[in-house]
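Just the one chain here, the form predicted alone, laid out as C-alpha cells.
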Amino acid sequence: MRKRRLRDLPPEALDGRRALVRVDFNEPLKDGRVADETRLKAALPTIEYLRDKGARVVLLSHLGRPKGPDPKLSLQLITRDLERLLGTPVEFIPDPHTGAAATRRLPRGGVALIENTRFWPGEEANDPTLAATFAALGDLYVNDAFGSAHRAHASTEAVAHLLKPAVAGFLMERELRYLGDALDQPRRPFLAVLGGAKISGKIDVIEALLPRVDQILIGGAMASTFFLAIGFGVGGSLVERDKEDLAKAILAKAGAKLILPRGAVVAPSLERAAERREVPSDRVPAGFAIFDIDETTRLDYRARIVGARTIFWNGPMGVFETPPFDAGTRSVADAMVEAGKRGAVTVVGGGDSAAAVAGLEDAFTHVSTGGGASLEFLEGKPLPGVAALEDA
C-alpha cells in the first residue's frame, strides 16, 4: 500500500504551517559530541525542503535508551552539529508539554528541536496522552524516521492518528522504495548476503527471502550453527546449539539456494590474532574459533555478487570491529561496489552492515538507516510507524 508523501502535499499546505517531523537522530555520542553524523545528514533533505517551502520545522527524536531524563542523552548535545549542517539557528525546546507556544513563535523556515522523546513516560508505551502533547506542537506530521518505524511509540504511531496530514518524508520514502522494489520487482540474479552472530535473529528473514532470491550467501557466526547442523566440528566458535534442528530444517528447505562458507579464518581467541590460520569449513581444530570467512570463500562470494543484478546485504561476515578479522566483511563491501558499477542495485540493510560501509555510502544504491526496521520490512511485517501514515 503506497503511503502519502511529503512531495504529494501542495506548497500552500506547508507555507507558514508547523511541520512536526519525526527524525532519527539516535547518533552515537563521544565526549558529549556527535561521533557519526550519518543520521543527521540523512534527515537534511526533508528539513531543507520544508524550510524552503516556508514551513516552521519542529523536530522530534529519541536518543539512546534512557529510563527518564538523563543529561548525557539530551538532544541539546546535538544542537550545535545540527545548526552547522543546516546553516541556521536551531531553537531547543526542553519540554514538549510547554513547547507549543515556542513552536508558534518560530519564523517561517525556522527550526526547533524537542528534547529526547524517551525522557517522557508514555513514549515507548505509545501513550495517547503524550501523543496529544506531541500533536499540539505541529499542524501536520511528517515521519522521516525509518529506523524507528518498527516500533509503535507515541512519537511514531499514535501521533500520526491525531495530526493530519500524516505523510512520509523523503528518507522514509526512499527506504520504502528501495527495500520494497528489491523485494517486489528485483532484477535477477537476486542475491542476499546475510551475516551476523545469530541465526535466531535472521530466521524470519531467511524464510521470507528464500522464495524470492536466487541465492543466499551466509557468513558471520550464524554460519557455525549451519556447520553444526551438517555435522562439522566448530571448535570453540560462537554457536547456537539449541538452534541446530532449526538450521537443519532451513538447509532442507533451501536446497542449493543457501551457500555456506567453504572455509574460515580461525584463531585460539580474538586476542591471539597472530596465531590465526585458514582452514576448510569441516576442519576447524578444537581449541580454535571461527572469526571470519577465508580467502577461498571471499573469492567465491565476490564472483557471485559481481554477477548479480540485485544484492541485499545485512550483517558482517566476521568480527569486523577487530582487524584482521574484517577482511571478509570488507571484501563483500568491495564486491558490492563493483557490482554497482556494473549496473546492479545494491542495498545495505542498516545496523552493523551500515557501520561496515561508513564512508562508502555513495557507492551503493541505498544504505538503510534502519537495521531492525529493514529486517522486519523484508520479513513482510507491517511497520507501525509506516502503517499509521495516510494512504496515497
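Throughout, we count residues from 1 along the sequence that is shown. Nothing here was measured: the structure is a model prediction, and the numbers come from that model.
One more form of this protein, predicted in complex with a small molecule, exists but is not displayed; see below.
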Non-hydrogen atoms within 4.5 angstroms of the small molecule in the predicted bound form: do F291, G318 and D352 all have one? yes
With a 4.5 Å heavy atom cut-off, would you call N314 a contact of the small molecule in the predicted bound form? yes
Should A273 be counted as a contact of the small molecule in the predicted bound form, where contact means heavy atoms within 4.5 Å? no
Is there a heavy atom of L238 no more than 4.5 Å from a heavy atom of the small molecule in the predicted bound form? yes
Just to confirm, A308 within 4.5 Å of the small molecule in the predicted bound form by heavy atoms? no
Looking at 94-102, 213-221, 75-83, 143-151, which lies within 4.5 angstroms of the small molecule in the predicted bound form, counting heavy atoms? 213-221
Only one of L14, L383, L20, L375 gets a heavy atom within 4.5 Å of the small molecule in the predicted bound form. Which one? L375
Looking at L258, A135, L106, A197, which is the one with a non-hydrogen atom within 4.5 Å of the small molecule in the predicted bound form? A197
